[in-house]
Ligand SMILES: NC(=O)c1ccc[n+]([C@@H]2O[C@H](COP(=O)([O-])OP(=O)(O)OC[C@H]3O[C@@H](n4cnc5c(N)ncnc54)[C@H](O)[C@@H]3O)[C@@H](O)[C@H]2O)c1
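Below, in structure tokens: the form predicted on its own, a single chain.
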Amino acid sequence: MSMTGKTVIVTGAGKPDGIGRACADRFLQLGANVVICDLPDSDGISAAIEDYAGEQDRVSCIGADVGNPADAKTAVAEAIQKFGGIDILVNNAGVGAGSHDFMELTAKDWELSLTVNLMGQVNFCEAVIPEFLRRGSGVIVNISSLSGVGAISSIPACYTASKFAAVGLTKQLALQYAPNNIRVNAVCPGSVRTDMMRGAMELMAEQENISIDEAEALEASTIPMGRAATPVEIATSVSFLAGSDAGYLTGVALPVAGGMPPGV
């Protein structure tokens, strides 16, 4: 599968071991131009600028807060100016915040979860869809979660609600823009070896009064394939949905979870 000549925006792609960075690298391997977005003045965007210093002809690193509509519009405009257009948007930026106990969640937990996990995707979709309409085609892949298709024990309600919302957004946009040759799908990862998973394992270890290694083993025991995914494995699914081989798929929420059930 070649994506030579295509331009892809990936949000939340600054951290070297994250899903977003794995997506950026995957699209680069396939020949695409890649726009990496992460928080301005963050370690993530600084790391990306350094890591891709020799790829400036095919990679652009842009500081953008996905929760800020103006930042989304600016990032899209800069991408169009540099590469002449945009073909694919990967809405990857996300956060995990708050307690597993609903009554312990704060207004800040809810605000952060919804601002980043839902409105961040809304903002970039609003910024890029006019370009897709102008070009007559486009693809959006939203990163949701296995928690976006079923409630899972020990996951904060604000996270689950925001990821369900991301799936709902995906399906509604897919329905509306299918006649315009714009496909919109979601990838719903289960456990993935990222910083967010490490934080979740620390929380589980604290809640269960066990070691982090024991928490990871407990998590693995719930996965039929017996292990968490790597970010690269998620990126491969993203690139599939973004590519021509998935040209008749839209409105799909694809679990990529090693057989792990989505809960209730």
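Start at 1 with the first residue shown and count on from there. Since this is a predicted model, take the numbers as computed values, not measurements.
There is another form of this protein, the form predicted in complex with the named molecule, and it is not shown here; the text below is about that form.
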**Item:** Answer range among 171 to 179, 73 to 81, 126 to 134, 86 to 94 for contact with the named molecule, defined in the model of the complex as heavy atoms within 4.5 Å
**Value:** 86 to 94
**Prompt:** Would Glu216 sit within 4.5 Å of the named molecule in the model of the complex, counting heavy atoms only?
**Reply:** no
**Message:** Can you tell me whether Ala186 touches the named molecule? I mean in the model of the complex, with a 4.5 angstroms heavy atom cut-off.
**Reply:** no
**Message:** Is Ala32 part of the interface with the named molecule in the model of the complex - any heavy atom within 4.5 Å?
**Reply:** no
**Item:** the named molecule contact in the model of the complex: Ile19, any heavy atom under 4.5 Å
**Value:** yes
**Item:** Contacts with the named molecule in the model of the complex - residues in 162 to 190 whose heavy atoms fall within 4.5 Å
**Value:** Lys163, Pro189, Gly190
